[in-house]
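Below are two forms of the same protein chain, given as structure tokens: structure 1, then structure 2.
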Structure 1
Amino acid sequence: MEFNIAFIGFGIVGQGLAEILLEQENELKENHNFEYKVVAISDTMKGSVYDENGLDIKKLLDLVNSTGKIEEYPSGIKGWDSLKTITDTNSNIILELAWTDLKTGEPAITHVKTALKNKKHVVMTNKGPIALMVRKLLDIAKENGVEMRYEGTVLSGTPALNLGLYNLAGAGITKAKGIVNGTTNYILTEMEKGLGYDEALEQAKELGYAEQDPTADVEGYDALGKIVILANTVMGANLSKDEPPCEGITKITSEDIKKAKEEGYRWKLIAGAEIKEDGSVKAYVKPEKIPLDHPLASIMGPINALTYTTKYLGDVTIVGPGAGKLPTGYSVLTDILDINRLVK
């Protein structure tokens, strides 16, 4: 099958994926039997363009870098909004890369439902729809005979979900715990080096780690969304994002960080989920003082880490980038390749 890709949202993640697709085009064809055209892009800020025969990714990236306006693309149909792009283009896979709203999940939920009901595969990095209604969306995908993937919602392209779902299938996962937000880990790292909280947050925004509304990062809601997604995907839970207790890093001062270090500890924002004896799953997000000789204490900057505790392997830990342009862009590619293997 040739993939006709439509991007809904062409921000940092979309552009990261576009760069990878461009760079890896031959490799993807030769080694992964993956062929594609990007037929449409629709972005609320940058405009939209559709060409059923495919768009030139290099030209699109150059346009975004120079004018920021996709509508200045020299050919194709312009002005279609996200829903028309999903329903009326010859796309067969929709990439939902618009902004995350963890409260309502919109407009992403409508995008995803519309795509699935129109029998188009969906890949997303948007945590909103998954944190709020993953089961329902997977059911709609099944009813319509299409696939939905969301590896990038947890630890960006570091395969945390796929590790739990596929590689540790049958290993008896009882617990997952780790650092799942890049922005806060970056801020805590920079504060330890002497930077103020506000400056560190500004840098995290500039580097593309933070959410559009960084309150979601610093108050722990982003980490909460991720641990709920993980528990519901990998641990058979059915948690609502309002259930687990959640505390962010806003109360941690430079003084606290310094004092902890002197005592042999480092503050980290930790998210965890555990299957209890009665079968229920409990999750939480909170800052914890981690002993400096503990593996999680050495995870610095935007790097994330997640440890699965299993019955047959004991602890299995994955460490890697948790945010950023290419790591998150790559997560979309890994999902597309997974669908490519399945539907061939």
Structure 2
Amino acid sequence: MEFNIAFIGFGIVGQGLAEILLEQENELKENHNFEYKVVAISDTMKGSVYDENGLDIKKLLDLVNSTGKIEEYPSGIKGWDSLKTITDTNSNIILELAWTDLKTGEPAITHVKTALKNKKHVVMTNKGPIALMVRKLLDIAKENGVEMRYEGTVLSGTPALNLGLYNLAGAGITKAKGIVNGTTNYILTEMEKGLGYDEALEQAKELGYAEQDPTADVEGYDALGKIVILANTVMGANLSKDEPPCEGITKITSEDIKKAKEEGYRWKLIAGAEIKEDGSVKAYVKPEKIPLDHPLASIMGPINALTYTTKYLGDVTIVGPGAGKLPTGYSVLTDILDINRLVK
């Protein structure tokens, strides 16, 4: 089938995906039997445009780069909000890439529910809806005979969820632990080089690894959302985002890092989840001293990594970028291609 794609949100992630689609169009068609049209984009800051016959991706990217807006696109219907774009366009797959309040999951939860109930497939990178109500959303998708995917919510394009759900299916996963926040890993790496916490944080801001308000990263909340998603998705848990204990890196000092290194350890902010003997799943986020010979200890800078402990394979570690324009855009593409394989 041909996919008619609607973007809800056309920021960094949406533009990254658009660049990949433009560059790989022939390869996707020839090697993956994937054909598509981008028929609609709705973005609260950049505007909206809809053409049932398809939009010119290159022209849209050029407009965003030159003016920051898409409403100067020379054809199509303009001015529709996100919900009208979801319900009234001829799209059959919705990419929910808009900004979301992580406390409420909105407006993404409403976007996703509306799309699923209108029998449209959904791919998202927003952590909020998945951390708050993944099971309910999956049930709505099933009831309406459509698919929902969200690989990019955990480690961006590094396939942490797909590894656990598909490649390690039947391997007997008992535990997952890893570095799932690149900002804090960068800060700890720079502190090991001799910077103080405040200096390392400012450097992370300058390089774009940390937001001007870095609370979600340094206090561990971003990592918490990701490990809750992973536990609920891969390990069959039913955790709320506020249930697991969470501690960030703000209390770690340069002296702590130096002492750990002398003892053969390295501090990392670790998000973990484990299936207990009674079948319950416990999760946490906290700084841990990792032995230098453990794979996670060698992960430096803004890179992420996750180790699955399994019954039949032992430990399996995946390493890769956890953020960024093209890596996160790529995560959306992998989900789209997965849906393409299922529904064609």
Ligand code: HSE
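Quick note, the numbers are simply positions in structure 1, starting from 1. Model, not experiment: these values are computed from the prediction. We call the rigid core the largest set of C-alpha positions that still match within 1.5 Å between the two forms.
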Of structures 1 and 2, the form predicted on its own: 2
C-alpha of residue 186 moved at least 2 Å between the two structures on rigid core: yes
Core-superposed comparison between the two structures, residue 150 Cα displacement 2 Å or beyond: no
Yes/no, residue 136 Cα shift of 2 Å or more between the two structures with rigid core fixed: no
Residue 206: CA movement between the two structures [superposed on rigid core, Å]: 6.7
